[in-house]
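A lone chain, given as structure tokens: the form predicted alone.
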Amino acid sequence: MAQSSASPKDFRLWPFVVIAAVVGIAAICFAYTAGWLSPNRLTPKKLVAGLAPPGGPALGHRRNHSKGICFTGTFEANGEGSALSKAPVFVRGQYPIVGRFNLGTPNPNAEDAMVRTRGLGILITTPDGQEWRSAMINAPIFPVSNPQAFYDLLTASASKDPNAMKNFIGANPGFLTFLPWAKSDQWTESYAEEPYNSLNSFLFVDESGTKHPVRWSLIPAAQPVSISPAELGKRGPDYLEQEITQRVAAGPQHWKLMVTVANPGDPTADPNKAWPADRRTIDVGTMTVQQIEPERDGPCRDINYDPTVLPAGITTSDDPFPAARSAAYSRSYNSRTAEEADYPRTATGAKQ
């Protein structure tokens, strides 16, 4: 029987060989994910660059939803969410929120009347240190079905080719279902009067391990008052921030957090498709906005509202957008925080 020629030294080196191999494989996987080995793939760099206006990004600011204002408040869970999710945020109690009202534009100086999409970012923290971050918008559905189509929409919108949008719609007919809302001239006069929708599907995981596909919405207690873009424009370029500051100073504003549960067969991978209106909807608590602060020195300034930062009991679904958004948000965050000199604070404040 032949004897092995391996020495004791060889065996001591073997774990390091294995580690090196694992690291090498991980690096290759990371390179592929980042698009470095396939230049035609959509990457966070390309996606974020596609958001930039013709003159380039506003340095020091978020690359999208750049115009915004901070708020602080609470989420008061009523306990009903615990039937669907073991997340501590649904246990009856009150939890702090740091949030941000915003407009869907890469221009931090945009006039309110020029931007149809309004957004809301929230970070809820529970006593054990777990966080739930979510970024929502007031649209009832998303314009497109997947990240590549979103990038194609950005490209077509910026193109000088007169047929660019026609060709885009031909390849993405679901965009036509978004247009009626986008073209509506009946807007609300306040951030406080808007509903905000997750649009992306997530999974709530209960104590037994059962997964429930869900989407969620924040429904305002304030009654909406319709206003046309023209009338909104007359009230000033920054009216929405001024109005919400005054409104909250006069009294806290409230939203119900409503969770909608999918039926079998409902599309969970496509935020361009709404679920039927008869789906089970559960009121799981109330968000209260108690104080508004300008973003420049506010508590939301340095928060990345990454939708994949989730507590135990909530996880992503087969919807491809949260992962794509997470990667793009990370790149945006790293860029803007490195450009702090271009958006200087007026006071010293702790980062979040």
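Because the structure is predicted, anything quoted here is derived from the model rather than measured. For every residue, the number given is its place in the sequence shown, counted from 1.
Below, we turn to the form predicted together with a small molecule, even though it does not appear here.
Mapping the unseen interface onto this chain, R215 falls outside it, with no heavy atom inside 4.5 Å of the small molecule in the predicted bound form. Of the heavy atoms in Y95, none are within 4.5 Å of the small molecule in the predicted bound form. When contacts are judged by a 4.5 Å heavy atom cut-off, L203 does not count as touching the small molecule in the predicted bound form.
Within this chain, G81 is remote from the site of the small molecule in the predicted bound form, having no heavy atom within 4.5 Å. Listed stretches are 86 to 94, 219 to 227, 185 to 193, 116 to 124; the contact stretch with the small molecule in the predicted bound form is 116 to 124, by a heavy atom cutoff of 4.5 Å. Here is the short version: of A135, L240, A77, V259, the single residue with a heavy atom within 4.5 Å of the small molecule in the predicted bound form is A135.
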